[in-house]
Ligand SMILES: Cc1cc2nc3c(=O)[nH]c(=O)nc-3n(C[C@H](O)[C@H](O)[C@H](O)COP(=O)(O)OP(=O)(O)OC[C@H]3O[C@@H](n4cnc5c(N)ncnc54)[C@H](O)[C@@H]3O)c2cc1C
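One chain comes next, on its own, written out as structure tokens in the form predicted on its own.
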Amino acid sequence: MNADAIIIGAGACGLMCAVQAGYLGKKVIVLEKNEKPGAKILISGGGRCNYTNQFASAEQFISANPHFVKSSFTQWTVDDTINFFETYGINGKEKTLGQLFPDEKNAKDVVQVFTSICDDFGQEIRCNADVKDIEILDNHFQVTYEKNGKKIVLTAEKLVISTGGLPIPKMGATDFALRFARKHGLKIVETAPALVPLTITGKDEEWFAQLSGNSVFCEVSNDQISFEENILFTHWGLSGPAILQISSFWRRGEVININLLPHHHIVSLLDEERRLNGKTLLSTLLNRFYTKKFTEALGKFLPLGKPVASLTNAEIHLIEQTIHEFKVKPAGDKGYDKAEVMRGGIDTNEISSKTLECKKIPNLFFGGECLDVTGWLGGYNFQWAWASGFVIAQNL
């Protein structure tokens, strides 16, 4: 045997698994298709890496089995993540909504933590290693990979697949884990891009395009959930944190509701302005909350040039609906090229929630994004990656 375990994929889950296995005295070899380990870590958060969220729990994850992550999050908590990185000189700084970023350090430093520990324990990370074949033999796995035109064969008693999901194919993302799972009879929950910008086409396209670059704090909702964060208008539709969040819950053909002024009630504001100065134009009032460009764009729907004292009941109702119930029916999304994560994946019913071992194939483990576990935006998916990597390592 070449090692106690072979780990395919040197992303967040695979790297954490290698490190934790090292603590336990287990020898692993990590195979990574890219030139460097931690490719998605390096680009996350604009290179700053939002490595966890202080509020992470099972509640912020989408899965056909919403209870699946609970065991992993009990075994490896947010505090464990924070303490782990602090031990290696990375202190967290909250940006917003519990999101932790390295204070005075960045994503490269996060990856360096793992590569340094792997060096210390003699754990091998072999990059530019393109896995071509996996054979499941009586008491071990045989993995064949290609590097620099040469085929190399490794054997180990245990195998970990942590190759991520389909988003950002230019970073080397593939359907490797899903293909392998299907080949061996494991069920797959239908996959789709998640945490992804939404597109607008047709008669509304021009209206959205003219606002490209404008950001507005909103509450975005559908019949399942709501999020309060910024939305960003683009030349092809909508992006920004609130849109990325709702995209994971959105299905093609559905309408989403946007409350353009979530912490105020526009009718109350109009009533108050009438008392103070009824001559104030509606546009002047709205300019207190929006950019001039955004207010002008609302002129397509609202009587901006009217004094608030002159507004009819019908117009006030229209203003209320437009501001608090702005309806949008996206045409689609920007696909895996722009998605941060994948929704769906290997059915968690195929996997032990306590060990992350495959129920049908002993000594085979899956972790990270390839499973049907999708977190919200804001460090949640990293927390799942660290936790799943830790859990697998305990069982190698």
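Keep in mind the model is a prediction, meaning the values are calculated, not measured. Don't overthink the numbering: it's just position in the shown sequence, from 1.
Note that the form predicted in complex with this ligand isn't included here; everything after this is about it.
Put simply, residue 176 is close to this ligand in the predicted bound form: some heavy atom of it is within 4.5 Å. Among residues of the shown chain, residue 197 is not one whose heavy atoms approach this ligand to within 4.5 Å in the predicted bound form. Although the partner is absent here, residue 10 sits close enough that one of its heavy atoms falls within 4.5 Å of this ligand in the predicted bound form. Although the partner is absent from this view, residue 363 stays clear of this ligand in the predicted bound form, with no non-hydrogen atom inside 4.5 angstroms. Checking 109, 228, 130, 273 for any heavy atom within 4.5 Å of this ligand in the predicted bound form turns up a single hit: 130. This chain is displayed alone, yet in the predicted bound form one of 172, 240, 262, 92 has a heavy atom within 4.5 Å of this ligand; that residue is 172. Contact with this ligand in the predicted bound form, judged as any non-hydrogen atom within 4.5 angstroms, is confined among 314 to 322, 161 to 169, 298 to 306, 279 to 287 to 161 to 169. Taking this ligand as positioned in the predicted bound form, the residues of 365 to 396 that bring a heavy atom within 4.5 Å of it are, in sequence order, 367, 368, 369, 379, 380, 381, 382, 385.
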